[in-house]
Structures are given as structure tokens and as C-alpha cells.
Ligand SMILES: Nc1ncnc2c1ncn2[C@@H]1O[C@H](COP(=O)(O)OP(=O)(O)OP(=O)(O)O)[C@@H](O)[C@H]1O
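Before any questions on binding or motion, here is one chain by itself as C-alpha cells, the form predicted alone.
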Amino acid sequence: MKVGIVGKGGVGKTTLSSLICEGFRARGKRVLAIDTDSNPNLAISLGLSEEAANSAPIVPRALAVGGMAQWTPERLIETFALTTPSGIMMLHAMRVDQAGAGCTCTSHAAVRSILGSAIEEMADITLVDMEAGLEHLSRSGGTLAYADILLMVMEPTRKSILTAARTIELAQELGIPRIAGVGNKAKLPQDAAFYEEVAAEFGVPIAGIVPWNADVPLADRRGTPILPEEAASVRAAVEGLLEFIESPEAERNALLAERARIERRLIQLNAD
């Protein structure tokens, strides 16, 4: 299973990515996490030190031009991956250390090559924490073109949900089979109702709603992962996301939601 995590900056992609990875690892899955942010922080959220994260080897850009033929998934991971305290394999796809260093397009293409290879030999779950924005869905044929499921992390704002709606159109063009939004930082119950109402308006299927919890910004201020005894409500919501990712029922729900979106669009066009 190859999972892409996308969304606007600051919506909580990296925090949710780390908790999803840890959740699958706790279930005994072999987990490969790939950080594609040019300012990578996923390693820290997974329990590695700042020193280890900042000195991590970067996946070579040569993979973008057929270089995977020279790299078996096993050799790739042995050479470039870090191992987190819980046993998650961690790859850094890029890091910007210098001004004027050039475009990161080939780094995104390298990630695409990895996802298109037989990475299942080494990982049951491969999760890609994408950089903020939508450009990565158009770069190099689409960084996430080989993803099985795309989760769009949203804040309780119309702009964030609108971004998710725009993401759906691009992801569908790439042929990603399952696409759904995740409502994050929800102050219940009002934000849950907001997500459901506005997501329905924009045709965004919801995989789950993650409540706001003070332990999350506390961990960010400490510069550490969320501790096992912290953020119980968030962890419970993440368990629901794991079920969504693994369940065939989720695919049926996504298809039904997409059909409803098309029907609403047809009604709107007829009205116009």
C-alpha cells in the first residue's frame, strides 16, 4: 500500500504522517516513510534527533532518469534509509541547504521512480509526506502517480477544503484510485459539522476527522514526537484512518462520494 499525504502548509501533514506510520508499525507492518519536503521534519516527528535528521543521506536524483534499474529496493534502503526508534525505515528525498541551488523537480521524479518500483519487497506500507501545495502533482508526471491512496489534510477553513477539492481533480488525472480528505485540528462538535457541510459542498469525501488536542502543539514546542501517553483523542482518530486505508469498504465509500460529486456538478451545469 502506497499512501500520499498532501495539503496546505501548516495543516498538520507531518504530524499525521508520523502517527499513521507509528500506528501501522504498532500493527506489525513494515513501514517506509519518505519525506519530500525541502525543509524536512518527518524524521524528528518519528523520534530521530535533529542531528540525525539534518545529516541524513538524500536519495540520489539520478533515480529520476531510469536510475532505479541500478538499485534494488533492498540496496536503496540499506544505503539511504535511517531507522527510527520504533523500526520505521525513513528516506529523505530532498533538502535545500543553499540559496540558488536550483529546482527540486528531479528529486520529486526520483520519488516517483521509487513508488513505481517493487518497493513492496521491503515495505507493507510506504507513506510519502509531500511538501505543501499542489505543484508536486504536476511535476515529472506526478510525484504520486503510483500512489494507491491520497489523503488530503485540511484545516477547518473554506480555503483549506477548497484546496482539497482542487487536489482531487489533479489526483484523478494521475489515476490515483482512492482520494479522501482528513479534517484536522477540529474543535468538536462545531468543526466536525463545518467539515461535513463544506466538504459536501465542494465534493470532498471525508476519511476521518481528527480533533484538536493541546498535546500536539506542546510536542512541537518541545521539538519531540508526541509521547505515547499524550493526545489520546488524536491517536484514536488516527486508528480510524488506519482502518480506512486498509479497508476495501473505504474504496467503495470513495467511489460513492465521487459519484455524488459528479451528480451535484451535473445538476449545477443544468441549472446554469
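One rule holds for the numbers: they count along the sequence shown, beginning at 1. Fair warning: this is a prediction, and the values are worked out from it, not measured in the lab.
Note that the form predicted together with this ligand isn't included here; everything after this is about it.
**Message:** this ligand is absent from this chain, but in the predicted bound form, do 10, 185 and 210 each have a non-hydrogen atom within 4.5 Å of it?
**Reply:** Yes, all three are in contact.
**Request:** Give a yes or no for residue 198: in the predicted bound form, does one of its heavy atoms lie within 4.5 Å of a heavy atom belonging to this ligand?
**Result:** Judged by the heavy-atom cut-off of 4.5 Å, residue 198 is well away from this ligand in the predicted bound form.
**Message:** Is residue 234 near this ligand? Define near as a heavy atom within 4.5 Å, in the predicted bound form.
**Reply:** Contact check for residue 234: yes, within 4.5 Å of this ligand in the predicted bound form.
**Prompt:** Is residue 56 a contact residue for this ligand in the predicted bound form, using a 4.5 Å heavy atom cut-off?
**Reply:** Residue-level check for residue 56: no, no contact with this ligand.
**Message:** in the predicted bound form, is there a heavy atom of this ligand that lies within 4.5 Å of any heavy atom of residue 217, even though the partner is absent here?
**Reply:** Result yes; residue 217 sits at the interface with this ligand in the predicted bound form.
**Prompt:** Of these, 22-30, 47-55, 217-225, 239-247, which stretch puts a heavy atom within 4.5 angstroms of this ligand in the predicted bound form?
**Reply:** Stretch 217-225 is the one.
**Asked** Which residue among 165, 115, 122, 132 has a heavy atom within 4.5 angstroms of this ligand in the predicted bound form?
**Response** It is 132.
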